[in-house]
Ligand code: THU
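Given as structure tokens, the chain that follows is alone and in the form predicted alone.
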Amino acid sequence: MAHFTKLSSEQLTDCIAHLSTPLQQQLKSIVCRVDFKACFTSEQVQTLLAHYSASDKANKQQLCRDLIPLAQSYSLAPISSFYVGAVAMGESGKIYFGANMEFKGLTLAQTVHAEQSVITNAWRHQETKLVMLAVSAPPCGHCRQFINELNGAGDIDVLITKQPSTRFADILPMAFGPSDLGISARLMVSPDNQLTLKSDSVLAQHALSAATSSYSPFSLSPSGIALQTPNGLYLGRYAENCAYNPSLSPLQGALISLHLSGDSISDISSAVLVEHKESKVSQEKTSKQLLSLISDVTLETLHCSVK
């Protein structure tokens, strides 16, 4: 499935055919804009909610559910052909899209889950807390563990297609989280890392910025990546998880941002990774492997230091 801004008018209409004609027209006026980056502003959300007639919370829930097919249109699933879409509403009132991404030829561990995608999308738009999460399929255990890294995760309203809403805490009983390791920081709200880098490269400084705001309270291994294409610059921040395996690499994060912005992975022209030389966890080898299979670009790795 292609990014829906590249779909034909007929295909786009099919994604929202279940909605009222006025709401379809409103959505098309937003998502077909060249600057749409899989995020609805709070003002746009209020405009969309005006087409609903139930209570405020019920309207928000239904809107998130109704947007799932559009989120699914971002899915890249050349291995499974299983297209997963996720829609999240932040405390700010904004709504975000996310979808799964698979990379043929690599281990399945490199797969990006839709829930990871939508959380990364919210994070890059400076969201700090999610209040609703609508998904086309029940979150797997991997995703539930990833979601549990968020501030106030237990209270997130989870909306699974054709199922009643439920609190996230109810679908992850006996949860293991950062607090169990004595960590107070949370994904999307952790303090900045104090890092510095001796480089005049603009791309390197952007990668440093990503590393500075990355989240790695368990290994203390901050890292960030900057990808350049002819159409834009995309950052990825390491998002660590207390269970380790569900952690999201900075390259995966940057690819999420690039794809959800409507850009093409094949158009990557340069890439810079910034990480601490003495980190317990290095992103260099796996990032080079992934990047080499999806583009002809050679990853440049630079080592930062603590201020």
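Please read all numbers here as calculations on a predicted model, not as lab measurements. Note that residue numbering begins at 1 and tracks the sequence as displayed.
Unshown form predicted in complex with the ligand; subsequent notes refer to it.
Student: Work out which of 150, 172, 208, 143 lies within 4.5 Å of the ligand in the model of the complex, going by heavy atoms.
Tutor: Exactly one listed residue reaches within 4.5 Å, namely 143.
Student: Using a 4.5 Å heavy atom cut-off, which residue among 114, 187, 88, 226 comes into contact with the ligand in the model of the complex?
Tutor: Flagged contact: 114.
Student: Decide yes or no: are 84, 100 and 139 jointly within 4.5 Å of the ligand in the model of the complex, with each residue judged by its heavy atoms?
Tutor: Each of the three qualifies.
Student: My question is simply whether residue 80 lines the interface with the ligand in the model of the complex - judged by any non-hydrogen atom within 4.5 Å.
Tutor: Output for residue 80 is yes: heavy atoms within 4.5 Å of the ligand.
Student: So if I measure heavy atom distances to the ligand in the model of the complex, which of the stretches 164 to 172, 114 to 122, 210 to 218, 196 to 204 falls within 4.5 Å?
Tutor: In the other structure, the partner sits against 114 to 122.
Student: Across 193 to 222, which residues bring a heavy atom to within 4.5 Å of the ligand in the model of the complex?
Tutor: Going through 193 to 222 in order - heavy atoms within 4.5 Å of the ligand in the model of the complex - there are no hits.
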